[in-house]
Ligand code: NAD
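Taking the form predicted on its own, here's one chain by itself in structure tokens.
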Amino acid sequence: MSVLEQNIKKLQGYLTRFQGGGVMNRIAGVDHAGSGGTFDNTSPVDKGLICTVARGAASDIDQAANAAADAFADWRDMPATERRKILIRIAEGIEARAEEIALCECWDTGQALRFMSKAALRGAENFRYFADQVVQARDGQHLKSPTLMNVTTRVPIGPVGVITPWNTPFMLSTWKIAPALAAGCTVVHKPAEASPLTARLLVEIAEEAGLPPGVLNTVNGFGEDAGKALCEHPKIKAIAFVGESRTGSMITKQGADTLKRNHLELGGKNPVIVFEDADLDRALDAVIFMIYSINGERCTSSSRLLVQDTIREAFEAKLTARVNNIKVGHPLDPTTEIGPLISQEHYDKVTSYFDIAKQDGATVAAGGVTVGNDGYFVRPTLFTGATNDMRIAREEIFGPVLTSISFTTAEDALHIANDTDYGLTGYVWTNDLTRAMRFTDKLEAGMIWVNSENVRHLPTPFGGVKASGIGRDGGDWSFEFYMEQKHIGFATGQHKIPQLGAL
């Protein structure tokens, strides 16, 4: 039996439990049907039905928000060391079920196992990291003034809503939920409707680890009903969202009447700039990895290649050969590098750019075709001969599609790189240190890597500028979002107080 066949057999065993009762909402430790009925969850691998999913609506969100509000005081006041123990046990539970999480996520999203097996373990790492920050999360400062001893502290903001996407749903759920729980907040989680399986696994693992009922609640559903109700609910004090920039704008509007605090991790059209003096072999590896891994369905993908004209022809020739050699296949095959896109809707969107590129005058140097008829497979695609005013250079395609643009000088590259509505990440390849320092200082992006692909370090800030988002995740920046700053001033003596109305 091949490794692929073994993985399929294991997956079938894991999916059996979902195929009976489907995926239910989980509120205050109890399973609930959706007041909106159910919807079908299908696999992008073969378009077949995985299971039915409870469709939550406003009444389900209300029930979950009330459960989170009821559980908040006890969770907030639990000793930090006790909360830390629970978060560590959640991490251990994730590690114990890493294979189940990875296989289910591959089938649910189409992502290749070679990446999803690591995503599950990264989820555990997120819980371990923030568990270690629990004790000092409320620590503040001592700011002495002439008459007062001023101290600051932080307190959890309250029940929060977490809305996560479908591209790497388990890892991104832990990236939001772990710091919220570590801060002392309770959570209502609305996963993406296209990838509900591992959100269910996460809440199960959390409860088995001793997380009290109501601290983490999961309500499935669609943005127009469950998502909107979550953003508008008065008991939800903040929304942490990962997804499209357009949706982020809607969330801001929906939360306006209740003065919601929002953290928005949104889209990108991220440039990777390759100068002629770079280590071109390493740059080539990084360019390919950052657009074609995770099926190109990631916000930090380097979807615009800006390559210096003196090396463009040779670099694009090597790039084309490599792209044509990328293996598209079944996501549970360990040798697969690209699996199917998430859904029919997204497949139609990505493939529409094949014709758009030609209409705009670009060249389809690699890919630009679909693969088979069973699932939503496309060949990894490279557009060359592009300019930055083309739609393929301006719109977030969110698939395994790279647009190559030539530049002459560093000034040209900087102008092209910044000429976008987005500003999430940037990647710069050069061996000229002073150029790298000047360039990154002017590059409009929240995160920049020099001579590297995206390598996450959990204590560093994660987030973008312009249409790519508001706020930062990571390290203490996460606690700044999930907690309120509080100042207390203690008089150190009997300083003079102005007297009004005294005789």
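Bear in mind the structure is a predicted one, so any value in this text is a computation, not a measurement. Note that residue numbering begins at 1 and tracks the sequence as displayed.
Keep in mind the form predicted together with the named molecule is missing from the figure; the text below concerns it.
- Put simply, of 201, 286, 405, 192 only one has a heavy atom within 4.5 Å of the named molecule in the model of the complex, and it is 192.
- With the partner omitted here, the residue from 363, 254, 320, 418 that has a non-hydrogen atom within 4.5 angstroms of the named molecule in the model of the complex is 254.
- The closest heavy atom approach of residue 274 to the named molecule in the model of the complex falls outside 4.5 Å.
- Although the partner is absent here, residue 247 sits close enough that one of its heavy atoms falls within 4.5 Å of the named molecule in the model of the complex.
- Taking the partner from the other structure, the named molecule in the model of the complex has no heavy atom within 4.5 Å of any heavy atom of residue 170.
- Contact annotation: residue 265 falls within 4.5 Å of the named molecule in the model of the complex, judged by heavy atom distances.
- Contact with the named molecule in the model of the complex holds for all three of 164, 227 and 462, each having a heavy atom within 4.5 Å.
- Judged by heavy atoms within 4.5 Å of the named molecule in the model of the complex, the contact stretch among the candidates 118 to 126, 354 to 362, 217 to 225, 320 to 328 is 217 to 225.
- In the model of the complex, the named molecule lies within 4.5 angstroms of a heavy atom of only one residue of 420 to 449, namely 424.
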